[in-house]
Ligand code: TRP
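Only one chain is given next, in structure tokens, and it is the form predicted alone.
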Amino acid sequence: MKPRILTGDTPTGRLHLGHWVGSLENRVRLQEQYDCFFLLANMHAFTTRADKPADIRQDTLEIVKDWLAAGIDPDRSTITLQTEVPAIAELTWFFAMLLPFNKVMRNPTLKTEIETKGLGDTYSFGFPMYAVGQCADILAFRPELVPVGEDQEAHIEMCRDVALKFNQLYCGVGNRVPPEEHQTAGGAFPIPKALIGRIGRLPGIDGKQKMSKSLGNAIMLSDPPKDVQKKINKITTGRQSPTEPGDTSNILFTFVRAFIRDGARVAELERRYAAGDNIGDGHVKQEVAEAINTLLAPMQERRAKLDGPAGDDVVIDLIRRGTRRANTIAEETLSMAKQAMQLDFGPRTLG
């Protein structure tokens, strides 16, 4: 059997280039070598948008369309919906008992989201629970790898802590057993590893925060060529003249290295820019935009076939098909966990 991968996205709207280089690119690439499960974390979307169920539903469909457009193949990978896998909610409850509250609240990703979304002290009781829920999302499918962006690595570390503690507390795995040997030592869960994307954290075009739709600094996978060029043109470097030596560690050259795939051309641009060899920011921006549009063109062609109600029906059918398989795996996991916790009072089946 192929080793397993689990990753996914919270439905917050269409995906952007940060999602592509951070995780989505890896997901597409690894479909041949791994048994891939891709989760739509729609339950997590309710932690900050409980008053917008219609938006969450539509965003869920839009993300699947972006996945398919990017190259996710539902015949090779399993697409599933969080709210249709009840084992995830049960495991979340059990795992919550293994994590100190203060440790959850110190999760740097959680703290960053509270700050960037301006939640202050108004976030719901359920909001910090999503950090625990992510552990259940992952461990329900017992994967070896979790492809994520750099900003999600803290969640994977928490997930590893939960799996280690569960195996030690309920399965009798010794605390000196290396993580990679936990299952062979009788643990219910493998200790999954994060797989960080080629660009762990792509900055937005403002050069200040990571790329994010909510911050208005994102280039969407569905942006037409003219919009891509306009957004790239907004990048500022502070450089005044094409003959002024430039700093190739700036935000513009982060995009150069991320999206111009010809290594020799990247090296030439870096050399000329650093030397002030008559190359302006405008010229570099044009090359970057062209490279991005070349990347996005086939995605957008595939996505156009999914627009409209007929495309929604296709997506819903794929979700239902994938969720049936996902429930088979997740129910098996839950049964193993309950047996380890001495809660196995009888089997159950999902209709």
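One rule holds for the numbers: they count along the sequence shown, beginning at 1. Predicted model, so just to flag it, every value in this text is computed and none were measured.
The form predicted in complex with the ligand exists for this protein as well; it is not shown, and the discussion that follows is about that form.
Just one of Val284, Ala326, Val64, Leu39 has a heavy atom within 4.5 Å of the ligand in the model of the complex. Which one? Residue within 4.5 Å of the partner: Leu39.
Given that the partner is absent here, does Thr80 sit within 4.5 Å of the ligand in the model of the complex, heavy atoms only? Outside the cut-off, so no.
Any non-hydrogen atom of Tyr130 within 4.5 angstroms of the ligand in the model of the complex: Residue-level check for Tyr130: yes, a contact with the ligand.
Does Ala140 reach the ligand in the model of the complex if we count a contact as any heavy atom within 4.5 Å? Result no; Ala140 lies far from the ligand in the model of the complex.
Hey, in the model of the complex, is Ile219 touching the ligand, heavy atoms inside 4.5 Å? No.
Looking at 168-176, 144-152, 224-232, 187-195, which stretch has residues with any non-hydrogen atom within 4.5 Å of the ligand in the model of the complex? Of the stretches listed, the one contacting the partner is 144-152.
Of 1-38, which residues get within 4.5 Å of the ligand in the model of the complex if you count heavy atoms? Heavy-atom contacts within 4.5 Å come from Leu6, Thr7, Gly8, Asp9, Thr10.
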